[in-house]
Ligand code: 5GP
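In the block that follows, a single chain appears as structure tokens, in the form predicted alone.
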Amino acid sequence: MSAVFIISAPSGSGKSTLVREVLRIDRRLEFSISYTTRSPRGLEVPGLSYQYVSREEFEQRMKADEFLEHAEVFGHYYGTHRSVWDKAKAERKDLLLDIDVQGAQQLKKRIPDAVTIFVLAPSREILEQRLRARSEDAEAVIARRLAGAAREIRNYHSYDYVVVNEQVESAVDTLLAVIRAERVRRQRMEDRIRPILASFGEQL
């Protein structure tokens, strides 16, 4: 039974770095490449970082109900296409999604047993340092992202787990521990348990 892991965090919390490391280590995870209407940033690669589409195309796909979730963030659309979940299930992999708070809430309604994880920077000051270190945004954009972070962190209580990203290696270890523990929840193990019980002449 495939599991769904949703990771959310305010911009600058180091979520992308953590996700990249987790995917490198755990080959049973399928990463959901989101659709977006914004332009590529930095070293982002179309088709690997995001599926970059026009606003018009995104809205057409929205009307066709092609997205499991979608949201507008800082003037740009982001969304998870249904096909990524179908692909993960077909390949018997677990799906990892890097999406914002709005999207996580929508997806949780569609897939109630999805596991949600919220990543936090250790403090506002460190979050601001990380945003400035990226050298990607103007002052006005940094201020907007910090204000957005203050709103987003109020939603931490709606997540199953919270990871404070103080040190990358430790945060990655924590994320992997969550993923491995969730995989052996009884509900996810029923297909594995059934033949074992049958070998004892028992049935679920």
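So that there is no doubt, residue numbering starts at 1 and follows the sequence shown. All values reported here derive from a predicted model rather than from experimental measurement.
The form predicted together with the ligand is left out here; the points below concern that form.
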Only one of 36-44, 162-170, 22-30, 175-183 gets a heavy atom within 4.5 Å of the ligand in the model of the complex; which is it? 36-44
Would you say all of Phe118, Ala150 and Tyr156 touch the ligand in the model of the complex, counting a heavy atom within 4.5 Å as a touch? no
Answer with one of Ala71, Ile126, Ile111, Val84: the residue that has a non-hydrogen atom within 4.5 Å of the ligand in the model of the complex. Ala71
Just checking whether Arg145 would be counted as a contact of the ligand in the model of the complex - the rule being heavy atoms within 4.5 angstroms. yes
Using a 4.5 Å heavy atom cut-off, state whether Ala88 contacts the ligand in the model of the complex. no
Evaluate Ala9 for contact with the ligand in the model of the complex, applying a 4.5 angstroms cut-off between non-hydrogen atoms, and reply yes or no. yes
With the partner left out here, check for me: in the model of the complex, does some heavy atom of Leu96 sit within 4.5 Å of the ligand? no
